[in-house]
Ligand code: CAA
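Taking the form predicted alone, here's one chain by itself in structure tokens.
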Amino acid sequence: MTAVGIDAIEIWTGKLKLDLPETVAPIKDKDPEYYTKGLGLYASSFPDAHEDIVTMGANAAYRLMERKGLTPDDIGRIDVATESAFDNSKPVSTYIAGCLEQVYGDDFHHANKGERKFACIAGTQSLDDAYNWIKAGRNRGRSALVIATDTALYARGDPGEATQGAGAVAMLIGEDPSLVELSTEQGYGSADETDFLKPNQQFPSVDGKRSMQVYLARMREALEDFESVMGDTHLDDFEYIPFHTPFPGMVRRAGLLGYRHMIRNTDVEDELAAEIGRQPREAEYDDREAYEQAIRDYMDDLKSTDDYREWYADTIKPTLGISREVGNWYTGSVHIARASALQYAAENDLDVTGRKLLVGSYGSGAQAEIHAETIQEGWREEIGHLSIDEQIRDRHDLTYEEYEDVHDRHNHDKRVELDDFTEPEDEFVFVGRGEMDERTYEYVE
């Protein structure tokens, strides 16, 4: 059976940087470690005045197509995942296709285009759509472009403001992929929740504590569903576990939950029993509240063990390198986690060909998906093409006052003129609005 998966990837980060411990902490009267150790974040990326979700997505896609030597005829569908859309009818994919047509002597008129919305999980759902399209034999030998692009802004003063970010991930989905093969098997955890939502508004309404609970509950359900078709998961099955990463501190909770789940009824649990006891079993307790408190106490002990710390350092921590520097990218979040892990493997000269990733995607509202990916022979060369480290290094470092101007610039309810902080070069830029208030774009050499 022909393998289908991610053949190539490109990442474009917003060109502005907000330093959290150095610039934000003094203004907010926060200890810098609130950001660096608590949230696990050092900086956020923001779009320059000439950037938005279209330019970031188009720039990532154009880099990918140029590097792979592709033309519009090679692309059969363009799917954009975003929760930062500015139009309730016209999809972002049409804007991005229009940008790309400016630099190619051909068009995407015969490519299917769409826009996916389910909070942050929409990027993975778009991967699923492309996978199914190819597996169904409807691609006619063509590949799919999946673009996750978001500007994750919160209202100023909102607790979520510290986790903001902006960027895009473009992925080429095709047969016999160079990077990873996607598993056919998936697991889902889904429920009607109101942990995070945007009812006809740009900035989210968030119940932070509830959102964390829902995230963990849906992840657990998705893992259990995945195991119902794949069998029990074990610690040594997966080289890395990229999670949806609103902020790295949230992934610490998810990683601990996954570790506890995977060691249950195993030799690892038996070996740890002498140190912290065995995991509580619900049947041992008279009521649910007592059982849940016992689980919390066990997990507090578990996260302090050398076994867990070593596993976390090897399996989870490598997925967080990019996120620490750019913040939350909503639909792109889990996809930069994957890239970060493989970048870590390449930088440390690790041979991970044939090894598996367990990918945990999540979207508020709420749904989690778990699937596996097998790392392919061409992974090292493909990851070696990424320039995300250089992009992160070259960002313009904002003052807090400049940040407030940038925030206003990208507030859909405001029309704020702002000079560029960086000079556009070889990229698509936002240049204004047309007669119907549509956004217009140009390629700047």
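All values derive from a computational prediction rather than experimental measurement. Residues carry their position along the shown sequence, with the first being 1.
Below, we refer to the form predicted in complex with the named molecule, which is not included among the displayed structures.
Peer 1: Taking the named molecule in the predicted complex as the reference, which of Glu33, Asp389, Glu404, Asp420 has a non-hydrogen atom within 4.5 Å?
Peer 2: Exactly one residue meets the criterion: Glu33.
Peer 1: Consider the chain as shown here, without its partner, and state which of Ser143, Gln343, Thr163, Ser84 has a heavy atom within 4.5 Å of the named molecule in the predicted complex.
Peer 2: Partner contact (heavy atom, 4.5 Å) among the options: Thr163.
Peer 1: Where, among 312-320, 351-359, 243-251, 273-281, do residues come within 4.5 Å of the named molecule in the predicted complex by heavy atom distance?
Peer 2: In the other structure, the partner sits against 243-251.
Peer 1: Indicate whether Gly378 is a 4.5 Å heavy atom neighbour of the named molecule in the predicted complex.
Peer 2: Answer no; every heavy atom of Gly378 is more than 4.5 Å from the named molecule in the predicted complex.
Peer 1: Looking in the predicted complex, any heavy atom of Lys90 within 4.5 Å of the named molecule?
Peer 2: The answer is no: Lys90 has no heavy atom within 4.5 Å of the named molecule.
Peer 1: Quick check on Tyr188: any heavy atom within 4.5 Å of the named molecule in the predicted complex?
Peer 2: It does not: once the named molecule is placed as it appears in the predicted complex, Tyr188 has no heavy atom within 4.5 Å of it.
Peer 1: With the partner left out here, check for me: in the predicted complex, does some heavy atom of Cys120 sit within 4.5 Å of the named molecule?
Peer 2: Output for Cys120 is yes: heavy atoms within 4.5 Å of the named molecule.
Peer 1: Check each residue of 207-221 against the named molecule in the predicted complex and list those with a heavy atom within 4.5 Å, in sequence order.
Peer 2: In sequence order, Gly208, Lys209, Ser211, Met212, Tyr215 come within 4.5 Å of the partner.
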